[in-house]
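First, one chain by itself: the form predicted on its own, in structure tokens.
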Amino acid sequence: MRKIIRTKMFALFLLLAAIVIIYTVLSDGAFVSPKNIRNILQSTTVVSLLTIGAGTLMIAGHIDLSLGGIGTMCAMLAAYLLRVGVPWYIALIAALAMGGICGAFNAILVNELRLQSFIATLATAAITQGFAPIISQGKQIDIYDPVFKFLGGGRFLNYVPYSLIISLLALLVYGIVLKNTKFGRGVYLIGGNPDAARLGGLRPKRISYALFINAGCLSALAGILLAGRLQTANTVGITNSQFAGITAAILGGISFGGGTGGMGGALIGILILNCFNNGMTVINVSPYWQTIASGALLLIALTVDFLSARRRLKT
């Protein structure tokens, strides 16, 4: 029992429980109403996919600031292809492929040109955010395709969103891959000690390419699911969720310095972040203060991560 209490996962559960209790009291029970719980679950889809992409890169010692822009541009591309009569499966594959291409571009900047990942991906973010309005000529594109509507807005038993099921399955699969495969162990080794990993026969560059491409594809999928739920693609898309994925990953125990963390903790981090943001909406906090509070939460998460990293170095 003492070992369980001392784990970071237990502390995360306590934080999540505290958030739920506080908002339930402040909202006179509205926070835990079935409708609001469904809204919380629905909002985790985009953040979950971004957290997986950003989190796996962070474990390997990289940071990607372009995922929001990539996902928005790819969703716009899919909507445009649907509008001109392209079959849904081709539009879906094209959008996912574009996400992978953008991820490969990031990997080239980092591995071949030796740029810091946050600088390289920041440039990619600016490029992709500029291409989204070019594709649509600055307008939103409505989506009428039933498959996209089903993926983004369909509900199992008329309650659980299919997009949520997709994101939870993704968290499960990536958690298993990271913890139980040679590739996953290589990701942790590269993030913890790149030089030792290289001397041990691993190929950090190859793993880096795979992770950046993977993150690009996941962000494209996140953008597509959101556009399918809203039945429209716009120039904002998932751009505002970019830092939500990073915040959730750090809250869930994925270290900004690399080498630690996992998808189990990331899931708790996602729930903490979404419950925190949703609760402020339920108790009618001004959107401006919500932005400030979200930034403060990210700052707290970064501070805790820094202190944890320093404690590990001392031990």
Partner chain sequence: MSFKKLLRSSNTALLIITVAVILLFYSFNQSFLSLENIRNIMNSMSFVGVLAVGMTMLLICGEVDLSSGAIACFGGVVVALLINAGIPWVIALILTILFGAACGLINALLINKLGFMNFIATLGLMSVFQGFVTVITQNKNIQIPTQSFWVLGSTTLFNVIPLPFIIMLVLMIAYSIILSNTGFGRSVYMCGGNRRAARLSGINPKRVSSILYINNGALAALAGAVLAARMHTASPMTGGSGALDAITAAVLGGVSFLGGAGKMSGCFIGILLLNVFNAGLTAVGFPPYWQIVARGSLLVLALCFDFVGTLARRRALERE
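Residue numbers count along the first chain shown, from 1. In this text, all values refer to a predicted model and were calculated from it rather than measured experimentally.
The discussion below concerns the form predicted together with the partner chain, not included here.
Student: Taking the partner as it appears in the predicted bound form, which of 93 to 101, 147 to 155, 220 to 228, 109 to 117 has residues with heavy atoms within 4.5 Å of the partner chain?
Tutor: Heavy atoms within 4.5 Å of the partner chain in the predicted bound form occur in 109 to 117.
Student: Should the three residues I63, I127 and I292 be counted as contacting the partner chain in the predicted bound form, with contact defined as a heavy atom within 4.5 Å for each?
Tutor: Result yes, every residue of the spot touches the partner chain.
Student: Among the candidate residues A18, A11, A296, V25, which is the single one with a non-hydrogen atom no more than 4.5 Å from the partner chain in the predicted bound form?
Tutor: Selected residue: A296.
Student: Just to confirm, with a 4.5 Å cut-off on non-hydrogen atoms, which of Y162, W88, Y209, F131 contacts the partner chain in the predicted bound form?
Tutor: Looking at Y162, W88, Y209, F131 one by one, just F131 meets the 4.5 Å heavy-atom criterion.
Student: Going by a heavy atom distance of 4.5 Å, is A170 a contact of the partner chain in the predicted bound form?
Tutor: Output for A170 is no: heavy atoms all beyond 4.5 Å of the partner chain.
Student: Against the partner chain in the predicted bound form, would F256 count as a contact residue? Criterion: heavy atoms within 4.5 Å.
Tutor: F256: contacts the partner chain in the predicted bound form.
Student: Please check if A123 has a heavy atom lying within 4.5 Å of any heavy atom of the partner chain in the predicted bound form.
Tutor: Yes, A123 lies within 4.5 Å of the partner chain in the predicted bound form.
Student: Closest heavy atom of F243 to the partner chain in the predicted bound form, within 4.5 Å or not?
Tutor: Judged by the heavy-atom cut-off of 4.5 Å, F243 is in contact with the partner chain in the predicted bound form.
Student: If you look in the predicted bound form, which residues in 151 to 180 sit within 4.5 Å of the partner chain (heavy atoms)?
Tutor: Nothing in the stretch sits within 4.5 Å of the partner.
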